[in-house]
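Both blocks below hold the same protein chain, though in two forms, and each is given as structure tokens: structure 1 and structure 2.
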Structure 1
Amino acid sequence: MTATVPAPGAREGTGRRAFDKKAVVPWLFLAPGLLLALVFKFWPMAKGIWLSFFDVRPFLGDKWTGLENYSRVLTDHRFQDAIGHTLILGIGQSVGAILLGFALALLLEGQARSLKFLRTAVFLPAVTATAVVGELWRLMYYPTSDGLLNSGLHFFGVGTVQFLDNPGIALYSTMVMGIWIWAPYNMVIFLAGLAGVDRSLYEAAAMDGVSLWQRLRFVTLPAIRPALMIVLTLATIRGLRVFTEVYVLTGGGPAGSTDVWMTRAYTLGFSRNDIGGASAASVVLLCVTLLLTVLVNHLRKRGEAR
């Protein structure tokens, strides 16, 4: 009995077909998601970039204006004020949420069943719709003695505070709500980072008699650096794209004191029907977000290379 040996060309053809099949199957599973992303994300994004170079005139035909929309938006003092508000709100909100999230992660780290319940309770603001959270905070900030926060302040002899109607503090009131929303989200990422810290390092540090601050600085923080960089990247993107918190809580008022980049673009596009200007503002925001994301990733890689 003689065994039949396939020719080298036949083996190569069979292997190529198997390889092609393996390469195609993942794309078949990804196709529905990619199609949705193409239709509802990348196509509108490309259309927005295209419209930013036009004076959009519905039913009259769009008129090419080149970079005029960009120049008009960037020299508008209200847009410049909105950029300043965005930076203040984004930096304050990001730093506050990172510090509070890290503190919560240190307090709630462990395997006890009660800690699991507490972690779930603390994480609730991150999974609740921002519009709902905004309405809750509007009730808490209610500007009379019946409001929750004002009634507490009255207990300590402090008068009624106009949290959302005072242009001097409205932006910081919005910042507090943003910290409350995003700190639990950061907490979960920090908890994942803390779970990977080698416990023997803590034992060695305890035997050497180091203080709590030294243990935190020289053991915990270096060990969770990847988690910290992820949190920093996400916080940077969220800080620049903040919209819902401001829109629900103040709508950009009073007197534009909480108007941020996204609310300004929204006002241009949907209140003033300046689609070209709104598109230009959104494209500038996209470029700044990409630039900051690349910068943060570059700093992360430099830190890992050391």
Structure 2
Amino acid sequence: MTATVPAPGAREGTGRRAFDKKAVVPWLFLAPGLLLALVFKFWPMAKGIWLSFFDVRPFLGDKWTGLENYSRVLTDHRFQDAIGHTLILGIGQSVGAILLGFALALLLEGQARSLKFLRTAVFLPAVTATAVVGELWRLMYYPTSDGLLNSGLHFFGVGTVQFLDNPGIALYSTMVMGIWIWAPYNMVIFLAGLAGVDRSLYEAAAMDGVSLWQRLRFVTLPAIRPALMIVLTLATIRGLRVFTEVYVLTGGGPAGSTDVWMTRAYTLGFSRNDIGGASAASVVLLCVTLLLTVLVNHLRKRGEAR
């Protein structure tokens, strides 16, 4: 273990004992976290991959079925529909939350006391339990003129909209809630990025008389590129495994129009008692997530190299 860690002490040439000690200390601090991750993340994950090859029958003994669970999941038309919904929801939610988060960060950047208050208020959705947010949005989307949004629409002379019960727009209604939840989270990361922007660049830009757009394009965006990459990676992962938002708001309905990969896997595992199939579906998602994360990282490194 120690051999793989190039400890700074070794380079300073302070001797072998110091090398060991200094290398061990960070691992000691990491140990509890690693142990927890091993027991509660990697072990179950490994078992999940294992189980995805079985017909899982807890008390009778599992039956090896090879890749059958995978072929069943991948050829199920409801899972195929769910891929489409997951992509639309994941991409829409991520892009929306990033744009809104960035806009919020630009608006709320600064030192003033009132801004602190505003930032806290704006951040609230990110710390509220998604289940609670879902219930609130159900009320806001209530499909009569009593609903908050519909009463607003009535005021402008627009008829009642079935936000969640119209299969054509239910997915987009869910997306809006997702953007609302995740934008403030992104905002905080952008705010941290913006804090690192060299102010003199703004002054120089102002002297050169650039437009607001040019200032954003050539000064702000390059400076917050690292923050943007973090947000993008997180959003990719989150977008793919979206579950709670859909589950509490529509349960995948109506008519499966908001069914995403995770709600499908949940139904398979817990409504139909098909643990093997649900594991296979989860493993597929794991692989896709890994691939995408690697891809985003690759693009980031290429971007940095340029």
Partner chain sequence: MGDRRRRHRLAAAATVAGLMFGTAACGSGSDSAGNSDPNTLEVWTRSDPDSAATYDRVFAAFTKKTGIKIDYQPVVNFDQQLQSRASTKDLPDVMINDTALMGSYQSQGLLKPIDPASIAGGDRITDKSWSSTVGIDGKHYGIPYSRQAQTLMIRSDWLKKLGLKAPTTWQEMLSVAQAFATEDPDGDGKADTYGMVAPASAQNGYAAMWGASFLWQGGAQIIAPDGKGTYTPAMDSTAAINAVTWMKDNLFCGKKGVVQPGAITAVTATATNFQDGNAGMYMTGPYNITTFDATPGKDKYEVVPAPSGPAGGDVLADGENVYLGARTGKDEKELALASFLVSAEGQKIAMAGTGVHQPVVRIPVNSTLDAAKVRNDARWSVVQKAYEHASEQFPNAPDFAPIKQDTADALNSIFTYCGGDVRSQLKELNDTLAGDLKDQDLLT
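Given the structure is predicted, the values throughout are model-derived calculations rather than measurements. Quick note, the numbers are simply positions in structure 1, starting from 1. The term rigid core refers to the maximal set of C-alpha atoms that superpose within 1.5 Å between the two forms.
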- Item | Which of the two shown is the form predicted together with the partner chain | 2
- Task: Return yes or no for residue 255: a CA shift of at least 2 Å between structures 1 and 2, with the rigid core superposed?
- Result: no
- Message: residue 39: how large is its C-alpha shift between structures 1 and 2, with the rigid core as the superposition reference, in Å?
- Response: 2.6
